[in-house]
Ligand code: AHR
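In the block that follows, a single chain appears as structure tokens, in the form predicted alone.
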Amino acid sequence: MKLRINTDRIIGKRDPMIYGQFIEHFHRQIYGGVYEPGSPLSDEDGFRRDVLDALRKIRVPVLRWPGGCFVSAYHWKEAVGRERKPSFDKAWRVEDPNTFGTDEYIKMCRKIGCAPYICTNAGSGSAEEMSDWVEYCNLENEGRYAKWRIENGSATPHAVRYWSIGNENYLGGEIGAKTKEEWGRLVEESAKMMKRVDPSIELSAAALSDVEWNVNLLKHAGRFLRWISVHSYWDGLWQENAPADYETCMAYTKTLPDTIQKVRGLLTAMGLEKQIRIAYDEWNLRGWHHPKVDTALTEEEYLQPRDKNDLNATYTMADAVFAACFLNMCLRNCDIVGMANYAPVVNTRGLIFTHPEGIVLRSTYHVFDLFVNYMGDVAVDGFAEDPPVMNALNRKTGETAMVDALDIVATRWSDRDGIAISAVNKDPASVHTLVLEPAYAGHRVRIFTVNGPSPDAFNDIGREEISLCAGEPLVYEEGMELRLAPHSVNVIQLS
């Protein structure tokens, strides 16, 4: 395939927050994940050093917390200060010790070097409770909540810039679900109070690609918002943990742009496309497995099955290739997509798996390493001639989708010369080649690749099949074919 690149035609400068992450009080994400006081692998504050090091390597820009569904019954005041008591988490039906709360979260963000992004309780909570949280985090010393923070050891404000009102309050199963009319009014009043506390904060609110829900939200609260929050999981495994195979996951990539296109169109129609950007603040190929949370009577039925989320064999090159295609989509739409948060970052379906002796870096971790550390920050126009296509059978529906075998995005750097091209080969069996036009004869070229020996390769304790490898530097010659291996994620750098 020939690729023509025009570096003068700029799509947009990508916000580094498209490489953001998310963590929730679910299963082993917090306790036994990032936070494990008493472990020989933890630091003096109880944070796993190996996890922090891995997160610093991929330069996590923003971390959304504490949920997720968890937040819709979470009362932040129970998890700050010296006197903390456990509470029953009504979202996931477990006891939370409340030893990890706002101050611990902020401390973790500072250790990683990322911006905090707090999601508030718009389920069982209130506008006042949300604005009290802003007081605690952002006011210098006015009022009882800022004084409480100082009492708790933080004389300097936490300065949390990003706040989300609610999680998935449009879902009937969410604690404190709302109708579209209720939602618009609650967001309006909550935003009003939160902005009165600190006018500098940037607010998001739960949305989806439903026109009526979003119109009602934006009509009431659009003037307060800088973000609109959307979520997607393509391989829904909530009740049955039957992960889709590689080919089915490639069929899912055909629908990747749908939500962005719908939300972009709505924002444009309402004249808000310059004011409000999209925060894709929960996304993953695989939905989390939590069966019978509403109906089961025993932990064997609803709690123990969650361990299946941590089966490392699940996270293959299918997850890596899909994640790369998602990030390519964000780059193509970086004029309006300003944040995306992989859900979650540790354990469950996360990038990193923790165990008592260390960590496993799953296939998707290496994709973030590749994009964060090797891609440029300015997306530019690229045109493919005769792109190869492939048929992908969705074995869950029985339907076959014709999808592009290659997913390509070109970038350049704003602070130095050079080009970096994300080139994803979805084809499970065939090599595809890329020829660059106009010719870059004389340029140095190097390919960085994430891949494994098969589409079903995975990493586990004592098993590393998927990694990021750097190819040998070459001098590009006119007409040279750049080889893209099957089921691979590549960044081609030209300098």
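Start at 1 and count along the sequence shown; that's the residue number. Every value quoted in this text rests on a predicted model; they were computed, and no experiment measured them.
The form predicted together with the ligand exists for this protein as well; it is not shown, and the discussion that follows is about that form.
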Counting heavy atoms only and using a 4.5 Å cut-off, do 68, 231 and 290 all touch the ligand in the predicted bound form? yes
Can you work out which of 407, 282, 96, 132 has a heavy atom no more than 4.5 Å from the ligand in the predicted bound form? 282
Find the only residue in 198, 168, 89, 273 having a heavy atom within 4.5 Å of the ligand in the predicted bound form. 168
Just one of 356-364, 68-76, 323-331, 296-304 has heavy atoms within 4.5 Å of the ligand in the predicted bound form; which? 68-76
Residue 383 within 4.5 Å of the ligand in the predicted bound form, heavy atoms: no
Residues from 395-409 in contact with the ligand (non-hydrogen atom within 4.5 Å) in the predicted bound form: none
